[in-house]
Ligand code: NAP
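The chain below stands alone and is given as structure tokens, in the form predicted alone.
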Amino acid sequence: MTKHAVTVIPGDGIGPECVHAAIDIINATGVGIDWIERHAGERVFKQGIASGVPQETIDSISQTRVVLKGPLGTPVGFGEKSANVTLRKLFETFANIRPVRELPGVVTPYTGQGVDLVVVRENVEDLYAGIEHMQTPDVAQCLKLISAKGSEKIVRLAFEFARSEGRKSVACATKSNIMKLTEGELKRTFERIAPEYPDIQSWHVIIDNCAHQLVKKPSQFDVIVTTNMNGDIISDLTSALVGGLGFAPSANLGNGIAIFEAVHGSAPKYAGKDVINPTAVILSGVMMLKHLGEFAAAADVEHAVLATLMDGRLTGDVVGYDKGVKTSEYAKHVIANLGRRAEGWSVRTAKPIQMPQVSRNPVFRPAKTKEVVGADIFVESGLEPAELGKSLESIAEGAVLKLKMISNRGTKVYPDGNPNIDCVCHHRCRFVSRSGEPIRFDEALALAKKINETHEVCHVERLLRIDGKDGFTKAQGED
């Protein structure tokens, strides 16, 4: 019998109760697993390890390459980033797969509609890169990073996952009507790759309309691929369609690494009370069994969960904590139902996911031409736009760059700016080549240095023209 080594992280709050229930059920299938317990999260933060992930846990995951994890708490006021995010980034689990489906006995406004969909969320880029700066004392900035490589990987993974489960469609949800370069990168990548999967229907939907359509008619969706923050939000929405986060499993996948966890948090107020719903962690275990190639056992556990719910064995989050079955009792019912099939309900026949093979070259999409045609020089100033503009024009006199416009939070305020704008002290001052020819970036930096003698420069961005196309967007009102 094959024995699989799996790193298990019980987690914080309700995590240990849920994880131990899942382990008991998986062990009862007869699948041979060597569970290697390690820790992360709050107890590790309290040991003074700022990342929340100790080296022994990292070493174990590096060896086993498979993790079943309980929810981890992120303390406020100490520690660094979330230990969950740290694990995803350490092991480059670039894809977060979050399935939801209608379940027997769990009554929602969508009961009977056959909700059965999956959100495939990019997992390491976007605003969750966590690159933030205070630009001025009262203006904060967060960098939204979307790469061509990251988009390629998540789009291909979404189509490959759809194929692995026999799903028929993939929708790409973005906010590319507003963020044409970042969110637009995912949309353009999706539209380029989709024809390689002629067996799968594909279409694009704006993310806010996607949220609207999920509430209006969720059954129209099969697989949704989207960026990190969008995916975080709509996957919580989709879990509510089928009964809540207690029924929402997930997988974090990278090349040769997989971390399985519930979507929900650690819910410390319920810890140790034996009342919490372990279904999300159990179904995360089902996803893990599929990853390990134990498809028969995965189907047995999923059927057993369906049968248990069909029998009315519901936890407190569904029927009230004074009426629900205990966490430990629920797990025992699932074990007793192993081998049983829930009449009228089915599970998907799955195949191994073909992970996308994408070049590891950091220069993923080299440009044929790249020219600097100007610079956005961000200035902290309390001056009115007209006064600041005239001052900058005077400073730039004789330079290779001239002031084209000033914007405030994305809207043009000089020249001929909108007088209704309630400006803050953070101004984007766009300088362009006076001759129309490309410039050297050091010329822009020299101008920024000169401006800084009079005004406070807080940031400089190149304006690039890449392969003949502008690599920057215009302000609202800019010609």
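In this text the structure is predicted, and so the values were computed from the model without any measurement. Heads up: residue numbers just count along the shown sequence, starting at 1.
Beyond the structure shown, there is the form predicted in complex with this ligand, which is absent from this document and is the topic of what follows.
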Does the 4.5 Å heavy atom contact test between Ile276 and this ligand in the model of the complex come out positive? yes
4.5 Å heavy atom contact, Pro218 and this ligand in the model of the complex: no
Contact of Arg430 with this ligand in the model of the complex (heavy atom, 4.5 Å): no
Using heavy atoms and a 4.5 Å limit, would one call Asp317 a contact residue for this ligand in the model of the complex? yes
Given that the partner is absent here, state which listed stretch (331-339, 260-268, 191-199, 208-216) has heavy atoms within 4.5 Å of this ligand in the model of the complex. 260-268
Honest question, do Lys69, Leu245 and Tyr321 all end up within 4.5 Å of this ligand in the model of the complex by heavy atom distance? yes
Exactly one of Thr308, Ser381, Asn84, Ser284 comes within 4.5 Å of this ligand in the model of the complex through a heavy atom, and that residue is Asn84
Exactly one of Arg88, Lys290, Lys153, His303 comes within 4.5 Å of this ligand in the model of the complex through a heavy atom, and that residue is Arg88
